[in-house]
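Each of two forms of one protein chain follows alone as structure tokens, named structure 1 and structure 2.
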Structure 1
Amino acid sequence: MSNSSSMMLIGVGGGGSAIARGIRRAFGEDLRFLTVDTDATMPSDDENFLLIGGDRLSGHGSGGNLVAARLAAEDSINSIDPEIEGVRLAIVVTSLGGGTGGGATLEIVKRLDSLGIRTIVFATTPFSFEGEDRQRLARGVMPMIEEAAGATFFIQLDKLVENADRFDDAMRRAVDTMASAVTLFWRLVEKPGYLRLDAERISHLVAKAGRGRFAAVTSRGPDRARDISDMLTRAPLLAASSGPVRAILCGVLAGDDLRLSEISTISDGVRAAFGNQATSFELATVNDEDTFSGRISVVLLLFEANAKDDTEETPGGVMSNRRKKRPEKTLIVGPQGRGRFNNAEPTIWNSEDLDIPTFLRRGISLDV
């Protein structure tokens, strides 16, 4: 792949940039990518690094201040345009909870959306031990990112690190897990396979896909397909979330020894575990003997009911914009954006956007 690719990886902030660099190491030098940060001292590849907020922050970072990072992104948002020329699908990786990831990601995703670029956002949320303040900041920005992006994956760091004990091992495992999943997804789109999934089809698929879950697993041996199905069923990142699964994307990556029976075993296992209410199921394969000889890797993306609004399936895509009639006497409160304040300057106090109602900022559900 060269810089003429219509796909691009964008890492935002220190955490997101670390994940992006991990993905590039796993995929190879040909991956088109960009890291964006307010801190000029962070490790970077100068050719693929964009410093934002230079006049406001002088390259010293946001100091964990979400508002400062968001204003820095607003100041510099036009500087991203030359870097994304020709891009039709962007995968954005970031870490929420304050700082540049929490503050700048929203502005970057909004800019991409305004330019007609589809976005898939993979965002980590803070460890539980980091405290309620950081959790609240992450929850506050999640619905706004969700409104601007095509598909969003919000991943708790606690689930990413599993049972790691040492902190450095935990962070390495978090980066490696994210990198593995995104790299497999990237190969699925960029590499030819018998069942092809190209960037244009992905763009259409994620146009209004909403919030999702993902996992990536690998197995070898004579029972590898059955093992894959079992591992996906037990994957912590696929554990039940806020809504039923409406659409499934299953990518199978293997060498030339991939058998039809193995594809069927994996497909049937995924459908049985997650597909009871799914209205769309996409299966794609990559046949790459050099990379996957003797093994099968699967990346699974599960999309929940659209968080932007209640939608219905259409023949041409995952979901449409038509609203379903809501039951009477039920007030359903899901993630929302800024509504009529979307294009207005936010009212910020104590790092909170007061234009968003309190019950939304604090993730409170109302039942009547």
Structure 2
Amino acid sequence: MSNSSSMMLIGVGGGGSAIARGIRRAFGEDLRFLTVDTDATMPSDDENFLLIGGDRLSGHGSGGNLVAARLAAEDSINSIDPEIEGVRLAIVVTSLGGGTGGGATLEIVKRLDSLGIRTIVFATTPFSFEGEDRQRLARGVMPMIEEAAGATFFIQLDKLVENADRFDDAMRRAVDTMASAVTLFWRLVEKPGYLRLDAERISHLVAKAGRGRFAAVTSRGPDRARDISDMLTRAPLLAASSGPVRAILCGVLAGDDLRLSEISTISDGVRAAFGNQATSFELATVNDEDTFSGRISVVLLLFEANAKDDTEETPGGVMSNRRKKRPEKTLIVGPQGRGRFNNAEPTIWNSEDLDIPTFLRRGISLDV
């Protein structure tokens, strides 16, 4: 591959690949990029497309079968290695609700992790109108993806597209929002601005972050900084919280006209709205006159720690909310979630792998 960037965008499954292609359109050719699917018929950019599980699924997709998609990804996992040579940070975009977006994403993230590549997963969860089966499929795989990945953002499509009228507007908004987050990381890695986050700090943040929430907002005009603070305070994607926010990453993307007072306004607004109990607040700016002239975009990533979880300080000083292992109280489930059945042929019934504990398949959390 000619692009030797250390960051790569990977879209998985039909929905994930569609979003990833949209993000790439926003970047042009510069972004190192791969789509992975079990379905050979989906629109793809051949050079950047990897078909997995061809022998098992004959290029027809998994048809909502999580287990078949996982096995397809396992069959083909070696073929991903040459595509990710030299990558240090992977942003994986997926849409949960089908088989491939859930099952293959899990296997791919595990592979990336085993190769020492940091992973950030952005995963949409289905619209409520798509029905309970898809929701259940999504819920079942979420804890496993979260366990395997560095930082994970689950994005409810219902919330992401609130107030959108037409379906294509809604999808465009999904792409735009995630594109802003990808832009932030890509620019921080490739072309940092004045307030930079060094690669080591990003690496620590991503390695230990666990589940987070994020939103991206844009404004122009004389009151753009205040607008942004207001919009972030009201952002539906940031609203749901199961615990206090422990770490914040605030990325300000702007042109050369960004004023110091505007950075202060945004920073103060974010701290006042979300930062009361945050022990880590990272602010980074990306300066790109060509793309952001006249406007400011802010990507806000919030990491919260569940009250039951321990936290730990990483060498980079960023709080982690990944669960510490507490053998006497906590039920430890590895990334695969198949326990001692790890190397056995799965027991498949009704598209479910019965060797995976029921609470994991059903997405039920246990208070032990």
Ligand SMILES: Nc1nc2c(ncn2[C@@H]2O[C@H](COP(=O)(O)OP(=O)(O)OP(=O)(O)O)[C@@H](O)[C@H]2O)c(=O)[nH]1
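Sequence positions of structure 1, starting at 1, serve as the residue numbers. Since we're looking at a predicted model, the values are computed, not measured. C-alpha atoms forming the largest set that superposes within 1.5 Å between two forms make up the rigid core.
Of the two forms shown, structure 2 is the one predicted in complex with the ligand. The rigid-core alignment places the CA of Ile77 less than 2 Å apart between structure 1 and structure 2. With the core superposed, Met171 shows a C-alpha displacement of at least 2 Å between structure 1 and structure 2. The Cα position of Asp268 differs by less than 2 Å between structure 1 and structure 2 after fitting on the rigid core.
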